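Given as structure tokens, the chain that follows is alone and in the form predicted on its own.
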Amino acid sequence: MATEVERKTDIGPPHYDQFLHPLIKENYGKWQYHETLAPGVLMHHGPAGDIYTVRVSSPRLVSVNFLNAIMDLADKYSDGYFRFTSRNNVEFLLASKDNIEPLKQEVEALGLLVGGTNNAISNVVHTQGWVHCHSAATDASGLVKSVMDELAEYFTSMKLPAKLRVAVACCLNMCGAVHASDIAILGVHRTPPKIDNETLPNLCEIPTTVASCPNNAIRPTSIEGKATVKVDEEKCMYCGNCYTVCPAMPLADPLNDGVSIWVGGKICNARTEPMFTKLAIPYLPNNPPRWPEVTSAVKKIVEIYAANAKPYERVGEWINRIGWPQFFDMAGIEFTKYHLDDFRHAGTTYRRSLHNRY
């Protein structure tokens, strides 16, 4: 294993080597095999000894009290070592097998679950939602909590045909992995921004605001001698880019904003090439705090997938095998004009040659 290179500045993250468990350091590059001992519990074997991983559910946005509780458990059972995965699971790294059950009992006493490995739903990766995002069409944290309360049995067991990844993004800018997850929940705006013509000249730079629109839907104008902008509603796709640079163009609309459901994405190359998600349900209403329409729709898709897919078949692979019309029938989804897909990859339409042709 390469030794840590001396840092010349404090720019960038510290070298990961200093955070590895001693057993991981000794086994680095020498691992021989691994086993799944139970849902959420893994064992990796190397010449320096076995190390055990206990994967625990976690909210993405956590409090200091939560972190203190996790660190106390790590100090008690895993020599102070734990990590967060890319999907916000907490993983404790144990050198002793005897610590697994006591750790699981204390974790469950905190109201957390152990699971998320192999053929299971892992933790949901999601965006900021109403808690922090300026352009959110829906909440993320509350939506994830509501959905996973219904799907907890698929986190604590490994009874799905294959692993299942769920993602939530609170608007079309998709800070979450909704384009490449098995099931994606995406917040959608449906009305153009509301322009505050009184404050816009004092808050916003007109050229920057005009340039922020990817559809060229914003034009400069003036009202009673004051510079402002106008929006071509036919061109607006409700992305919120304008509000990002101009706070006088708020997009949030409590009555019309909602949620869409997308399915069939994946990143891995196993069996089939990576796939983007495709639209399943164009719109469901925002009904906090439990979002019953959304949770019901997602649970139904998971259940019909679990009952009908072949072993190791991801959601998108299963749908492609049975056909989209049959999937829509099984899920009770109405086909609408919004499902018509006329998108073509830009590589087929861009001029990619240096030669001028007329």
Partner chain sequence: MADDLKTPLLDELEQGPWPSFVKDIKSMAGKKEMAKDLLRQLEKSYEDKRGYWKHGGLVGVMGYGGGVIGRYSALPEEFPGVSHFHTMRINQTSGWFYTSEALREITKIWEEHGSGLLNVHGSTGDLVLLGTRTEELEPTFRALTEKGWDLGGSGSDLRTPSCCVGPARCENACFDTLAVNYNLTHQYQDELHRPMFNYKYKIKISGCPNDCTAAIARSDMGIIGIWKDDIQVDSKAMADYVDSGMDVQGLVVENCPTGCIQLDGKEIRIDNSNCVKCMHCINVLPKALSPGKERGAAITLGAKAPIVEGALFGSVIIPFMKIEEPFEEVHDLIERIWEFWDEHGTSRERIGEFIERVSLAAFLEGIGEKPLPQMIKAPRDNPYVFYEEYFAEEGEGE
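Every value quoted in this text rests on a predicted model; they were computed, and no experiment measured them. Residue numbers count along the first chain shown, from 1. What we label the rigid core is the largest C-alpha set whose atoms superpose within 1.5 Å from one form to the other.
The form predicted together with the partner chain is left out here; the points below concern that form.
Asker: Heavy atom within 4.5 Å of the partner chain in the predicted bound form: which of 48, 38, 62, 304?
Answerer: Contact with the partner chain in the predicted bound form is made by 62 alone.
Asker: So in the predicted bound form, does residue 274 come within 4.5 Å of the partner chain, heavy atom to heavy atom?
Answerer: Judged by the heavy-atom cut-off of 4.5 Å, residue 274 is in contact with the partner chain in the predicted bound form.
Asker: Taking the partner chain as it sits in the predicted bound form, is residue 102 in contact with it (heavy atom to heavy atom, 4.5 Å or less)?
Answerer: Residue 102: no, not in contact with the partner chain in the predicted bound form.
Asker: Quick one: is residue 141 in contact with the partner chain in the predicted bound form, heavy atoms, 4.5 Å cut-off?
Answerer: Taking the distances in the predicted bound form, the answer for residue 141 is yes, it comes within 4.5 Å of the partner chain.
Asker: Could you tell me if residue 77 has a non-hydrogen atom within 4.5 Å of the partner chain in the predicted bound form?
Answerer: Taking the distances in the predicted bound form, the answer for residue 77 is no, it never comes within 4.5 Å of the partner chain.
Asker: Would you say all of 44, 91 and 180 touch the partner chain in the predicted bound form, counting a heavy atom within 4.5 Å as a touch?
Answerer: Checked in the predicted bound form: all three residues contact the partner chain.
Asker: Which residues within 72 to 110 place at least one heavy atom within 4.5 Å of the partner chain in the predicted bound form?
Answerer: Residues within 4.5 Å: 72, 75, 80, 81, 82, 83, 84, 85, 86, 88, 91, 93.
Asker: Aligned on the rigid core, do the two forms place the Cα of residue 202 2 Å or more apart, comparing between this form and the one not shown?
Answerer: Moves: yes, 2 Å or greater.
Asker: Is residue 188 among the residues whose Cα moves by 2 Å or more between this form and the one not shown after superposition of the rigid core?
Answerer: After core superposition, the displacement of the residue 188 C-alpha between this form and the one not shown stays below 2 Å, so no.
Asker: So, does residue 245 move by 2 Å or more at the CA between this form and the one not shown, with the core held fixed?
Answerer: The answer is yes, as the C-alpha of residue 245 shifts between this form and the one not shown by 2 Å or more after core alignment.
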